[in-house]
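Take a look at this single chain in structure tokens; it is the form predicted alone.
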């Protein structure tokens, strides 16, 4: 049945699903080793995003701000970029790259970021001879797009800046998209099982920072400048999230003839199968028995739960477009019915995405998809259609809607701050699929117990 795809009719935003473009650029940048991004804008453009990262990941990250004030609206903010870059270089001798991330104020003022970078390159050469550092322009005005487009812009800017033709190798670039560190670990596990040397972009595994015996703690990105440079020489690229890294892979294809495979985020059996198939095709490596067994365990876990507990329960999904579409595919595999899809990004590409049509072709009921949406749409849908939604899946910003309407909620996506360790647990791959199915089941079981709703089903005979 065709999906009913529409745009939010209200002009304003009530309880947004996403945050702004600079947030996405900052998340991509902190995933780079020896990098401290400089957010060119008001101090809040840096401070509140750092707070979101800290809430979600329970770690602190080094992000600098040019800290613009009212005078910049008249005189421009270029001197603040210059002061910020030079201060970072003097204070942090290990820095090898500084992304300069614009915001709504600096894009409106019209500061010449590329011209400033050329000026700073000359100044650094004169004042710090021998110091090797690369400044990267990232244009992320907050008045359009979202964290999704900001992340995509940042990854493309990094690849455009560093990718350099050299000796071809057997590596496979894997553009992860905005996923959790637990998902990155799972991606690296799949690569290792296949015997593939993967170039993971962006590698956030090290965001799970240990506290050492000397009481020190460290959090850093794990993608190196060399990794970015070598993207041009890979055997191929796989894009897990079309809207979060796809343009960087397209650039590598057009500029360096690196083949690209682009599909669904590998959540669920079908999508993970497609990812493994792409890995096998690009690398020429066979699929090992270990992954076949992992697949079998995931199917077994899903079969234990699907018909008895999940069948025909209606699900509302919201978040990043690639995440929501992959989760919807997963829902169909376990007999859940995704009936409401909310995308917070204002990109018209989402409304035209062929994956939505494919999803609609698989069901015999109506699915409503709203782009440029907010969480008010979710709340209104529930109020106007009592009993129509059985499960909510999305990040923590929707928690009060779930609480007020007594609907069980599964936390996925960013930011998730009201449950412990969600960012460590994968939803990607066969193991992530198995864990996701069990998380949904346990959430439903707890809800059945709390409401005394058919809880006899859970009794052990």
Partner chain sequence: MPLKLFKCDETIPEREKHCYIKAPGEDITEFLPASNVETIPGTLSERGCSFCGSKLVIGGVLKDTIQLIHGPIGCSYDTWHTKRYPSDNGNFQLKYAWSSDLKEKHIVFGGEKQLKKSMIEAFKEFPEIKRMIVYTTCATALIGDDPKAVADDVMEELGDVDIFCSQCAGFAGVSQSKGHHVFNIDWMKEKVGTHEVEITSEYTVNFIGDYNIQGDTYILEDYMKRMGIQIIAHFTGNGTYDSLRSMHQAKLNVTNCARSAGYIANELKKKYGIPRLDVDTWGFDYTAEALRKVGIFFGIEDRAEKVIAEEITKWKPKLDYYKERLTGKKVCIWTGGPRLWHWTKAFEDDLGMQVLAMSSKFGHQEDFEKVISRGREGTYYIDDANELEFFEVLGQIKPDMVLTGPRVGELVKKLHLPYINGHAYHNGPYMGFEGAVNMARDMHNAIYSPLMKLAAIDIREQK
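Here the structure is a predicted model, which is why all the values come from computation and not from measurement. Residue numbers count along the first chain shown, from 1.
There is also a form predicted together with the partner chain; it is not shown, and the following applies to it.
- Though the partner is left out of this view, residue 436 does not reach within 4.5 Å of the partner chain in the predicted bound form, counting heavy atoms only.
- By the criterion of a heavy atom within 4.5 Å, residue 181 is excluded from the residues contacting the partner chain in the predicted bound form.
- None of the heavy atoms of residue 406 is located within 4.5 Å of the partner chain in the predicted bound form.
- Taking the partner from the other structure, the partner chain in the predicted bound form has no heavy atom within 4.5 Å of any heavy atom of residue 332.
- Comparing 213-221, 307-315, 227-235, 264-272 against the partner chain in the predicted bound form, the single stretch with non-hydrogen atoms within 4.5 angstroms of it is 213-221.
- Here is the short version: of 358, 255, 112, 380, the single residue with a heavy atom within 4.5 Å of the partner chain in the predicted bound form is 380.
- Each of 66, 84 and 375 comes within 4.5 Å of the partner chain in the predicted bound form, counting any heavy atom.
- Contacts with the partner chain in the predicted bound form, taken as any heavy atom within 4.5 Å, map within 43-64 to 43, 44, 47, 48, 49, 50, 51, 52, 54, 55, 58, 59, 60, 62, 63, 64.
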